[in-house]
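In structure tokens, one chain follows: the form predicted alone.
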């Protein structure tokens, strides 16, 4: 099954890389969100110029966990947002393969059905993670952008992207199964739009959940996007979680994301297996 999954994944990634117009919009979206949200939604901009220094520092310290800038806080959320959107619409290629007849060719070939499903999962994950890395780089180079602490090193970078990868893997499992169940691009887009926007706005991607009403805080606290946001921000904003007393929170978030992946993989494959029938 491994060879078949790898071959199908390579096919999809080659198609993606050979078409730059499928990559450029993702990068533009990341830059727009960081620049626009990071400046137009920045609450420190509301502080009068006469009290800017102390007041801005107080807002960043108390509301945004001590982030050096609002974009520093926002970076993890924008990366999660990019991952969600890429997972949501990554299944369009699967629907096109079904409509063009290639999907039925796969179903009648002597390959494991699981390889078809997991190739969809891994191709979408690879695409999203590449854009996540590029988004992180964009956050570093934009004016007044991401500012890392002196304790942020390679282990912290790997830990942050481990959180992003777990979120992407879990979302890819469920959205790939939805793409396999869909019979048209219109129906897929309608379903994923119904799912992804509430997922994003009921998370701490743009603002801390402490600013939400109590009922929304309850939802946000179990939202896997919030867990990935929090785990990555602990590393990006504060650096070493052990030195800042946040190791327990970080480990709890990562374990939650691992459980999320396991549940989504089981549910996703169960739903996909019902959809993978020749027409």
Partner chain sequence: MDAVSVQFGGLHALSNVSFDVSSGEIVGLIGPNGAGKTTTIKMLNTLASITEGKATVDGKDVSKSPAAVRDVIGVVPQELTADDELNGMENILLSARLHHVRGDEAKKRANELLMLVDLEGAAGRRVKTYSGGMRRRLQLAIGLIHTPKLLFLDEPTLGLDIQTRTKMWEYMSKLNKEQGLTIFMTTHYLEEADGLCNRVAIIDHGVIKVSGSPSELKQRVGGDVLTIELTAGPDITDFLRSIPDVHDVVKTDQSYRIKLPKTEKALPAIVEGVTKKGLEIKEIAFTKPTLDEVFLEVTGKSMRDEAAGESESYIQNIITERMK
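Keep in mind that this is a model prediction, so the values were computed, not measured. Positions refer to the first chain, counted from 1.
There is another form of the same protein, the form predicted together with its partner chain; it is not shown, and what comes next is about it.
Contact with its partner chain in the predicted bound form, defined as any heavy atom within 4.5 Å, is confined among 77 to 85, 205 to 213, 172 to 180, 96 to 104 to 96 to 104. Using a 4.5 angstroms limit between non-hydrogen atoms, residue 151 is distant from its partner chain in the predicted bound form. For residue 143, no non-hydrogen atom is located within 4.5 Å of its partner chain in the predicted bound form, even though that partner is not displayed. Looking at residue 8, you'd find a heavy atom of it within 4.5 angstroms of its partner chain in the predicted bound form. Although the partner is absent from this view, residue 109 contacts its partner chain in the predicted bound form, with a non-hydrogen atom inside 4.5 angstroms.
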